[in-house]
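Starting off, we have a lone chain in the form predicted alone, written out as structure tokens.
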Amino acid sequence: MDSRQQERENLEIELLLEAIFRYYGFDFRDYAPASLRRRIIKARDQEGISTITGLTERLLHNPNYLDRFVQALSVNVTSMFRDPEFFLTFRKKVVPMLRTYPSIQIWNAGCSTGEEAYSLAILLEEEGLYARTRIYATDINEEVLKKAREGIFPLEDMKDYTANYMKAGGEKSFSEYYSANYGNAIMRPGLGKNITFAQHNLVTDGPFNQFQVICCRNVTIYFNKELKNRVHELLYQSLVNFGILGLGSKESIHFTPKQGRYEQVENTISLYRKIG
């Protein structure tokens, strides 16, 4: 691609993102540009459209396409008990703190298809805390939230999820938490009783509660520095004093304006306690 063509394509992407924000309220303008560009071009090619301008036209004139496009731009890579060391540390270091609260509010931000929310429910049930816990699991994408509410996952994934569960300190046979049916694993109905799945946009929406725990894992890695800082301000404002913030294994509170307001719960694990 010559420089002139790339300049034109960059302008088309800028106009596309501005149109989505102004017309629909979804703000992708501060996402990391390289990965965002790849996903936009992939979405264009999947739709059989020759230009990004054509993609903009389809979005503005066909609102039914919006959900599919938002799903293409969102990254929905997840699994149950992903990064087992995180959940093991959560069990050992965070659960004792949660026992001191009469009721527990947890925000699972960027929940995708729900695997992490169900993982938290399982862990808290085993620790005897789930009955007094409410998990708010949110995502920008309504399509993945529909899948999360169903609590149905590919049965072939359960082998890996079982291994993760055991490494995370699981205390039972993991198969107790789901039933197998026609190649699907259906989560036990009681696990979803204290989970509220709802749409929330970290980029444009504000705080909606005060939480003892916020898990926002592997979300901000797709944002530029300015947007990361804005989201961290939102997360900070949404945590109670001494509340816990959980990030992804490649994410850190360091080099953000809020780094002095947290202490790390355990070295090498992205769990942080709000201290100021």
Partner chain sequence: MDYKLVVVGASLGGFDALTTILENLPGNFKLPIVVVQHRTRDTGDTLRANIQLRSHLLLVEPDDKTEITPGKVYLAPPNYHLLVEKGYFALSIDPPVEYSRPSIDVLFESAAIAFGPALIGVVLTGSNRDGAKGVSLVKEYGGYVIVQDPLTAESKTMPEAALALSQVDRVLPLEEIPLALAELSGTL
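Residue numbers count along the first chain shown, from 1. Values in this document were obtained by computation on a predicted structure and should not be read as measured data.
Absent from the display: the form predicted together with its partner chain. The rest refers to it.
Contact with its partner chain in the model of the complex, judged by any heavy atom within 4.5 Å, is made by just one of A32, L234, L66, I49: A32. The putative spot formed by K167, I221 and K228 is fully lined by its partner chain in the model of the complex; each residue has a non-hydrogen atom within 4.5 angstroms of it. In the model of the complex, at least one heavy atom of F255 sits within 4.5 Å of a heavy atom of its partner chain. Shown alone here, S249 lies within 4.5 Å of its partner chain in the model of the complex, counting heavy atoms only. In the model of the complex, its partner chain sits beyond 4.5 Å of every heavy atom of D205. Taking the partner from elsewhere, R58 is found to have every heavy atom lying beyond 4.5 Å of its partner chain in the model of the complex.
Contact annotation: its partner chain lies within 4.5 Å of heavy atoms from the stretch 32-40 in the model of the complex, the single such stretch among 49-57, 208-216, 32-40, 234-242.
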